[in-house]
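In structure tokens, one chain follows: the form predicted on its own.
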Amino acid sequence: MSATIKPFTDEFEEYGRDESRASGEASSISFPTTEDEVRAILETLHAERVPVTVQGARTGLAAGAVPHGGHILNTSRMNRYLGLRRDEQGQFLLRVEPGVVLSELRKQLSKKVLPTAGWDQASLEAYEEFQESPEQFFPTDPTEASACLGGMAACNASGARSYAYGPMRPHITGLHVALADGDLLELQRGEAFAQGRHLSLVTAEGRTLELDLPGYTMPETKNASGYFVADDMDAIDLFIGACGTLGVITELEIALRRRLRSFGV
């Protein structure tokens, strides 16, 4: 067994349940700290045909993080801030790992202090601009602020602010998704689109995936069931709200907004 894959013993009992109060069982568990570790774990488990349950902070109420046998892959220790840039409109885009906790992000943004260890020069220059700019915030506001950003992306989290800003989806500009076999998709909003209901994607290993998307029509009201699909859709939107069933989110790029004090947000 890989050094990063541990037997599911009594010391990990709490990871058999989430805030839904449902509980399950597993044969093994891992706490990867890097994207490469996630990919290696998935490659190993895929070869052995072991089912995987992906977890973050386990704050969900729908039992999505509750295992039913197989392996638990918990991403809560992947909590680094990876870089910062500004887009053509001057909006700050922050790259993070999936284990970054929303409450901690809010504190960092309010203080205008981000952990910059390992950032490249372009990110450090954007960070200087960030510190000199008006305070930024991240709009998505789910019920539980102890949620991880990866889990919020996985379930397309919403909340009270969604009336003004929408759910998580429109605030995600980039994703890295590790597929079941350990291959990787690097998705950037605006770069890959379906042709009608057919989507073609190229993985980091150079493999081409040809996907026929579901033919149903999304309801116009708030909806959190099924995969998001639309004619000519942006590829990134298929993975937001997929609840980890299509792969493990290993990196996110999120769009920040200027805080408007006069509106209390």
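This structure is a prediction, so every number in the text was calculated from the model and none was measured. Numbers follow the displayed sequence, beginning with 1.
Keep in mind that the form predicted in complex with a small molecule is missing from the display, and what follows is about it.
For the candidate set I172, A147, L84, V96, a heavy atom within 4.5 Å of the small molecule in the predicted complex is found for exactly one residue, namely A147. A heavy atom within 4.5 Å of the small molecule in the predicted complex is found for one listed residue only; from Q188, T143, Q91, S133, this is T143. Of the heavy atoms in A157, some are within 4.5 Å of the small molecule in the predicted complex.
Interface residue remark: S30 is not counted as part of the site for the small molecule in the predicted complex, having no heavy atom within 4.5 Å. In the predicted complex, R58 approaches the small molecule with a heavy atom inside 4.5 Å.
The shortest heavy atom separation between A22 and the small molecule in the predicted complex exceeds 4.5 Å. Only one segment in the set 62 to 70, 41 to 49, 229 to 237, 204 to 212 has any non-hydrogen atom within 4.5 angstroms of the small molecule in the predicted complex, and it is 62 to 70.
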